[in-house]
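First comes one chain, alone, set out as structure tokens in the form predicted alone.
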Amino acid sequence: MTGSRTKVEIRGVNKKFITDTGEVDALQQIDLDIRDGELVCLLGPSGCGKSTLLNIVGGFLPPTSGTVSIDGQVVTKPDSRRIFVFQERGVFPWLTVEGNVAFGLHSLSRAEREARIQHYVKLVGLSGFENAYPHELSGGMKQRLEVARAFAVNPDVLYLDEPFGALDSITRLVMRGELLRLWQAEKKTILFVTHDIDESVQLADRVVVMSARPGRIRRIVDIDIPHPRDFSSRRYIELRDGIFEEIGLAHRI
């Protein structure tokens, strides 16, 4: 169950970038609370500021104004307790599957480290590939490896920036299922950036629909159906089509 305690608090966040042609408003007046253990999707068209907001929450970018707090502490820089998973695969090509999952576990004893590695390798379905290198894995397996590496360090928040965007449609569906299985087992707080409406409705507790630049929150949609979600159910279709309508695509598909 998602907790009722607020984990991430975003208040009055604005972001401007200075370019050769002048100022660009990327985000305007973003206010959002994310509960402990919640999976929230940021959804919107390319260039709407989704990734910018994710980087501000992660401490990689400062807001022009406004604040982000996690557990009541203002975010001013990245924190090793909060992990990013990107679309561009971040596995280390010179390390095996086991070595990649072990990365970041140096503070553990050898026995604890081995147990953690085996747990997450098994959890993402890579048992038997412990000694394989990334170039020997398929795209989906590499992405499973990156997700395993992220969960293995026991983060309290995960930031996912279109992590499945480069995968084919069948592998994307499989990976969404893998992520849901891990999230339900571990109940980490997840902030997930996507431009895929079906992906957001399949995964999220809530979908934050953002406008085109400058990015604002148009609407927050509660996805009030249990997992696993039936893509053909009336409520699923209502929620999905409502988001299409919200972003102005209902009569263009």
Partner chain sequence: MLRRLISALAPFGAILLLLAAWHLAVVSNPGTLIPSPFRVAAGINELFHRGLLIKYIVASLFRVTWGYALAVLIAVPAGIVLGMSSRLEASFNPMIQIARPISALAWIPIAILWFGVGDLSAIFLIFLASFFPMLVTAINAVHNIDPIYLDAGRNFGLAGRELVVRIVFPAAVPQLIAGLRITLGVSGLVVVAAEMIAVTSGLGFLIVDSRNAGDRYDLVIGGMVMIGVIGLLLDRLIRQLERLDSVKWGYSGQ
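Numbering follows the first chain given and starts at 1. Since the structure is predicted, the reported quantities are computational estimates derived from the model, not experimental observations.
We do not show the form predicted in complex with its partner chain, though everything after this point is about it.
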May I ask whether Gly140, Glu162 and Phe244 each come within 4.5 Å of its partner chain in the predicted complex, counting any non-hydrogen atom?
no
Among 128 to 136, 114 to 122, 167 to 175, 68 to 76, which stretch has residues with heavy atoms no more than 4.5 Å from its partner chain in the predicted complex?
128 to 136
Could you tell me if Arg144 has a non-hydrogen atom within 4.5 Å of its partner chain in the predicted complex?
no
How about His106 - does it come within 4.5 Å of its partner chain in the predicted complex, if we only consider non-hydrogen atoms?
yes
Touches its partner chain in the predicted complex: Leu182 (any heavy atom, 4.5 Å)
no
